[in-house]
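Okay, so here's just one chain, in structure tokens, the form predicted on its own.
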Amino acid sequence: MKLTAVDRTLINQLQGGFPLTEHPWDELAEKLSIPAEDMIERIRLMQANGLISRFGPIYNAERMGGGLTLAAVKVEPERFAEVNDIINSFDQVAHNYERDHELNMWFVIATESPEEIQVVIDKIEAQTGLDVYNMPKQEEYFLELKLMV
């Protein structure tokens, strides 16, 4: 699947520009002259084909009373898929990715309370047999990165 002009318009518009109204798709349909149903279907297709990974809000878990941390493990290549599946099975794992580093699997844990972070880490360690390195943020920066396509 290749990005169409409609896909590009959607991606560019939706980066920080989704209307917070009772009928956001109708508002976007009028603004972009694209039927709401077509926009929703295009987003589904782009996700299904791997062109975008997700579409949705990003919540500040900490401001809502929750916990958030970056974590990493060192996984032997022959166990990578297995450990990936275990870690991704946790609802609290927001995303997971491979890095070219001694700690080669990194993931974000988002929980309903700060205390729950350690509970999730303990369960991941028990299920994988690996040490989880917890790297909570020390300072936060806001960059508002938008990539025009």
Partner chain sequence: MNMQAVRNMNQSPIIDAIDRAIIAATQQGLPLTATPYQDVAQQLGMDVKELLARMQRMTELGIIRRTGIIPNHYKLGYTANGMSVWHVPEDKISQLGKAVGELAFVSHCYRRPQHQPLWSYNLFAMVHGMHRDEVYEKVEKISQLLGTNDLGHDVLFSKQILKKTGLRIKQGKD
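In this text, all values refer to a predicted model and were calculated from it rather than measured experimentally. Positions refer to the first chain, counted from 1.
Below, we refer to the form predicted together with its partner chain, which is not included among the displayed structures.
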query	finding
In the model of the complex, G16 touching its partner chain (heavy atom, 4.5 Å)	yes
Its partner chain contact at L51 in the model of the complex, heavy atom, 4.5 Å	yes
I43 within 4.5 Å of its partner chain in the model of the complex, heavy atoms	yes
In the model of the complex, I11 touching its partner chain (heavy atom, 4.5 Å)	yes
Any residue of 108 to 128 that, in the model of the complex, places a heavy atom within 4.5 Å of its partner chain	E112
